[in-house]
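Here you get one chain, nothing else, as structure tokens; it is the form predicted on its own.
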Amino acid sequence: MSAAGRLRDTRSIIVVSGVLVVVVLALPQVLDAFWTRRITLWIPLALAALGLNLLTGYNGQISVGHGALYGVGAYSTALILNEWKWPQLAAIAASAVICFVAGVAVGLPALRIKGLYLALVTLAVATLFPQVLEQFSGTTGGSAGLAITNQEMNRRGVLADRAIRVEAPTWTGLADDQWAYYVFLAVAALCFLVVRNLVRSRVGRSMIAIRDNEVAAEVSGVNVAIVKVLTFGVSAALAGVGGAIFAILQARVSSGSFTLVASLYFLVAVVVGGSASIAGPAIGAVAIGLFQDVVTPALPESVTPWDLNAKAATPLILGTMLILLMLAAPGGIVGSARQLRARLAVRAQRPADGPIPTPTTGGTP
């Protein structure tokens, strides 16, 4: 591509990025409290998908168990806030550290297995996690759930449990839902920035080398074991941050929120948005959020010959759309955008069509 073409692409990226930033920052100002809260709940999904994308898209390790790591982050935050009364951001950071350790613990045995076998092991982790929560229901609350509360004196002078939520400082002039949106958006932006820098570093190049050819990477001097375990840990930490934000927003955690379905939603977000890309998980999370919060409520009560209601038909419709997307655009939304951009660049470099000159010999055509 010529210098002019690269400059034009850079300007286009800057303009599009600027417009997106303005739109994202303006959403809480134009939406009501309900929709601001619904959009804020897309942030944990994007962070968990970002962690899975780092592991699967960049390092080539297939995981179907990130719903369990997401749950570890949520329960860690709930217990820290209930028992130790830490600030919410400190609880999120502590949950990230706990999930990093849990990811390393899962990543060490994963060094000896790969491919389908690794997917089956992580699938077992995701399946067993809700059962473990049920076994320790005295601490986790089991299926009834664990409320994130703090005892405060009510108007009648009696100690009562009050849900711990994000409260906006008075000097901001923002509502609580708007403040929560901006705070967690800043946390998500920081996580995406860290992953972007990690992928562009030497460690990130090692991840991609292992994904493409593990033997060649090892021969080239890459410490495959350390890179794999480190990637698993960082991926789990990102999922833990997402789970921590989810717990704070809901002010309650229960085993039913961290089943295998959660892991599948993370995987769908990566596939729809586009694997091995930084923006892919965020785009996939927005696509799933729009489908769940906008498309699904608009479905009629009977959408199939079997009289399935809209809520029950959601996984079926989402699965069908995923299959169609993989057939039409295997690279997801980001991959399709890259292909379109490459085609436009090639077309712009072609010479204008015109008559082909006829060679002459001795002045005679």
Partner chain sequence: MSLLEVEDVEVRFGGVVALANLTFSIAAGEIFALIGPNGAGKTTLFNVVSRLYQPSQGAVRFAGTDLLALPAHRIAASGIARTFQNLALIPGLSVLDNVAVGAHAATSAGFWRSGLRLNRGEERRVRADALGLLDRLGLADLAQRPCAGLPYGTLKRIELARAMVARPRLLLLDEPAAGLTHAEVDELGGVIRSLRDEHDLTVLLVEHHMGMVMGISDNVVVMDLGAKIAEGPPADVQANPAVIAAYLGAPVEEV
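Numbering follows the first chain given and starts at 1. The shown structure was predicted, so the numbers you read here are calculated from the model rather than taken from an experiment.
FYI, the form predicted in complex with the partner chain isn't displayed, but the following is about it.
With the partner chain left out of view, the stretch that reaches within 4.5 Å of it through heavy atoms in the predicted bound form is, among 86 to 94, 227 to 235, 164 to 172, 149 to 157, 227 to 235.
Comment: the partner chain is not present in this chain, but in the predicted bound form one of L290, A186, A144, A216 has a heavy atom within 4.5 Å of it, namely A216.
A209 is the sole member of V286, A209, A279, A251 with a non-hydrogen atom within 4.5 Å of the partner chain in the predicted bound form. Taking the partner from the other structure, the partner chain in the predicted bound form has a heavy atom within 4.5 Å of a heavy atom of N197. Although the partner is absent from this view, N223 contacts the partner chain in the predicted bound form, with a non-hydrogen atom inside 4.5 angstroms.
Interface membership of T139, defined by any non-hydrogen atom within 4.5 Å of the partner chain in the predicted bound form, is ruled out. Among residues of the shown chain, V203 is one whose heavy atoms approach the partner chain to within 4.5 Å in the predicted bound form.
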